[in-house]
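The chain below stands alone, shown as structure tokens; this is the form predicted alone.
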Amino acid sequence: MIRFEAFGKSYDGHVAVRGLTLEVEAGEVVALLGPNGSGKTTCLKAAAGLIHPTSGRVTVDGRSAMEPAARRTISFLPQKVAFPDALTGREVVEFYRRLRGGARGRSDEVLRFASLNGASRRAVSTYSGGMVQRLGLAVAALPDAPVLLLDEPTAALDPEGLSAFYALTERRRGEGKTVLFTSHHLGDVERLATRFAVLVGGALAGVLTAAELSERLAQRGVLRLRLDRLPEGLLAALRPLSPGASIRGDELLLPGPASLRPALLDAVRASGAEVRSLSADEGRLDALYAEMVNARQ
């Protein structure tokens, strides 16, 4: 649905994105991750047809993202949402509904979805940052567009807004629509994304599916044991199962997926050692993300 083909973008000699090749299929929810300045917003703007590529191309459903026909298939929520202060929330939604040609009842629907019913008749100038972001989500939800582009959609959201964002994304995925979003909140990625792509310095550092992510995180789990004693040869006996087995202080650390833990415990007990305490650390997305970023810097 969205295809970046050797996409590059420079601003006054500064390279924002270099040689990005990435395809986002219909029915996918793909998260773009990366440090500040890594090119995430530039990619979304290119997919929305707001900027011309310096090199390569970006297409939406086979058309150049710059074509009006491609833009009509997209709903875009920018990173910085701003609306006229003097308008009410309902007036903002009504303006965009008419702009996109939506049905009259659609305004009420998206205002309910964004939990803005009680504030929809107030001026935007009275809104908090989270309420403005929820209004932005309401506007993004107005068209039944095949493609939804969201730039840092959870940056200022309160719990009600987060719930609305999750509901919107999950519903669009269930309808076979395409969602491409950027985020610094890794919990959003783990909960919603079918794939995530990491950008570092404008280049693609890696892409993982949800299944690959789960496997990578599982491999980074650690079983922590405190034993009554450390029998001679125990570490050597454990390393075929857990190659990174080590001692740190008074703890025995056994890296590896949760599926290996029963066998590891059996091997410890077979050595004659008694387990005094046990805990497990699961692999974390933030650690994996930092690892991928650091590998490219």
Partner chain sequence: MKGAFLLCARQELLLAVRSRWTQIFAFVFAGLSLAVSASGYALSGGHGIQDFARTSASLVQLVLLLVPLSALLIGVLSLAPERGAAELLFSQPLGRPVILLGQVAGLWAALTAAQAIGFGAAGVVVFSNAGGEGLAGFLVLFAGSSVLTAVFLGIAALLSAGAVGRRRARALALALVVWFIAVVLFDVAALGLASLLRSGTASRVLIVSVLVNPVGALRTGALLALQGTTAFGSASLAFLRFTKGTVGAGLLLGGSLLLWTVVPLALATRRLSRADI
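Positions refer to the first chain, counted from 1. Predicted, not measured: the structure shown is a model, and the values here were computed from it.
Quick note: we don't show the form predicted together with its partner chain, though the next part is all about it.
Asks: At 4.5 angstroms, heavy atoms only, are Met66, Leu87 and Glu91 all close to its partner chain in the predicted complex?
Replies: Looking in the predicted complex, the three residues Met66, Leu87 and Glu91 all sit within 4.5 Å of its partner chain (heavy atoms).
Asks: Just give me the single entry in Arg269, His52, Arg239, Arg229 that has a non-hydrogen atom within 4.5 angstroms of its partner chain in the predicted complex.
Replies: The residue from Arg269, His52, Arg239, Arg229 that makes the contact is His52.
Asks: Could you check which residue among Gly201, Pro78, Gly206, Gly221 gets a heavy atom within 4.5 Å of its partner chain in the predicted complex?
Replies: The residue in contact is Pro78.
Asks: If contact means a heavy atom within 4.5 Å, which one of 56-64, 25-33, 41-49, 251-259 is the stretch that engages its partner chain in the predicted complex?
Replies: Among the candidates, contact is made by 41-49.
Asks: In the predicted complex, is there a heavy atom of its partner chain that lies within 4.5 Å of any heavy atom of Lys177, even though the partner is absent here?
Replies: No, Lys177 sits far enough from its partner chain in the predicted complex that none of its heavy atoms falls within 4.5 Å.
Asks: Spell out, yes or no, whether the shortest heavy atom distance between Leu150 and its partner chain in the predicted complex is within 4.5 Å.
Replies: Heavy-atom contact with its partner chain at 4.5 Å: absent for Leu150.
Asks: Hey, in the predicted complex, is Tyr127 touching its partner chain, heavy atoms inside 4.5 Å?
Replies: Judged by the heavy-atom cut-off of 4.5 Å, Tyr127 is well away from its partner chain in the predicted complex.
Asks: Determine whether any heavy atom of Phe113 comes within 4.5 Å of a heavy atom of its partner chain in the predicted complex, and answer yes or no.
Replies: No.
Asks: Who in 1-18 is close to its partner chain in the predicted complex, meaning a heavy atom within 4.5 Å?
Replies: Counting only heavy atoms within 4.5 Å of its partner chain in the predicted complex, the contacting residues of 1-18 are Lys9, Tyr11.
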